[in-house]
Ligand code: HPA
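The form predicted on its own is given below as one chain in structure tokens.
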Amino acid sequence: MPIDPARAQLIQRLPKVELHLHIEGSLEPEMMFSLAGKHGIALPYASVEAVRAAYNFHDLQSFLDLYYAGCAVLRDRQDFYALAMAYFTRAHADNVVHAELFFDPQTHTARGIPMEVVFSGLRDAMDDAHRRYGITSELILCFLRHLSEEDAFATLEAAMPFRSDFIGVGLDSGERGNPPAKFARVFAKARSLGLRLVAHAGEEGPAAYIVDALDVLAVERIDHGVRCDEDPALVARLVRDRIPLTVCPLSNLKLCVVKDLRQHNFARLLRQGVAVTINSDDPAYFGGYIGENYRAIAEALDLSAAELTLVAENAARAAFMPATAKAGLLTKIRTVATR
């Protein structure tokens, strides 16, 4: 049954932190067509409706094929600005106050787009979002795991002139057959440079990939991580060490990680003490931004007001924010929750 008005209002009012958002995955079909027209790119779809009809994924790879095709319309600094600014406008409507954006430079440099174009366009939007909406944000550079570690090293090196523009590195793209250990050396290098470390693990890959992301890559957060409960010892470790999971409910549903949100393990993990958070992943493709993810999982699993507040607090604690800003945000969350 639908969530009651009080919880719906709480979800809207809660100051939110988004920790798992692929900025390229916020490319709505309308913008895809607009940018394709701007650059004279022929899309394999006749209309916006035809693009949306293609969003019928059966697994991660079927989504990635469309995702990478959509990225082809992103060509210049203004394109990346428009993409990110559209996301921030929607995030502001959901009361997001801090966002850590994943981006995939290899997707763009492989098409001949200079690294500087990607960074400058995204940074322009981040600065504008802070001025307009008060949203703080950071960039996390993700390596595409279906490519080689050598390619990841080259990407990291190419990004170093922009070191002040990104806070960390991550690992995304197809998980099957691409274990975390494949990128052990490049993550060690990133760590030596003072970068924060995260990685996708345990979405389609097994719980063992989560363990390897923690032990081999030394990451601080696990992106997705929903298969952790295949290993009770791992769940106990996540609880003990307060390792956050950046869970994306509607993504899990759309990519058939779960068949029904009522079967999702989010509430069970939360009630065991795992620091789960709610995020939108690739919202243009998966049917909802962060507010809709909160509402959908709250309705499916009957999350209480206290549990929803805890989820928001988990995200604030997991963010790569200065300690003073984090403390202030936690105070705001608790204030909103007690109104």
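For every residue, the number given is its place in the sequence shown, counted from 1. This is a predicted model, so every value here is computed, not measured.
A second form of this protein, the form predicted in complex with hypoxanthine, is not displayed here; the remarks below concern that form.
Exercise for review: Quick one: find which of 280-288, 48-56, 300-308, 35-43 has residues within 4.5 Å of hypoxanthine in the predicted bound form by heavy atom distance.
Suggested key: Looking at the other structure, the answer is 280-288.
Review point. So in the predicted bound form, are F63, Y67 and S173 all sitting within 4.5 Å of hypoxanthine, heavy atoms only?
Key: Yes, because F63, Y67 and S173 each have a heavy atom that approaches hypoxanthine to within 4.5 Å in the predicted bound form.
Practice item. With heavy atoms only and a cut-off of 4.5 Å, decide whether H98 touches hypoxanthine in the predicted bound form. Key: No.
Practice item. Find out whether any non-hydrogen atom of H22 is located within 4.5 angstroms of hypoxanthine in the predicted bound form, and reply yes or no. Key: Yes.
Practice item. Examine H224 and determine whether its closest non-hydrogen atom to hypoxanthine in the predicted bound form is within 4.5 angstroms. Key: Yes, H224 sits close enough to hypoxanthine in the predicted bound form that at least one of its heavy atoms falls within 4.5 Å.
Check your understanding: Are there residues in 195-221 with a heavy atom within 4.5 Å of hypoxanthine in the predicted bound form, and which are they, in order?
Key -> In sequence order, H200, E203 come within 4.5 Å of the partner.
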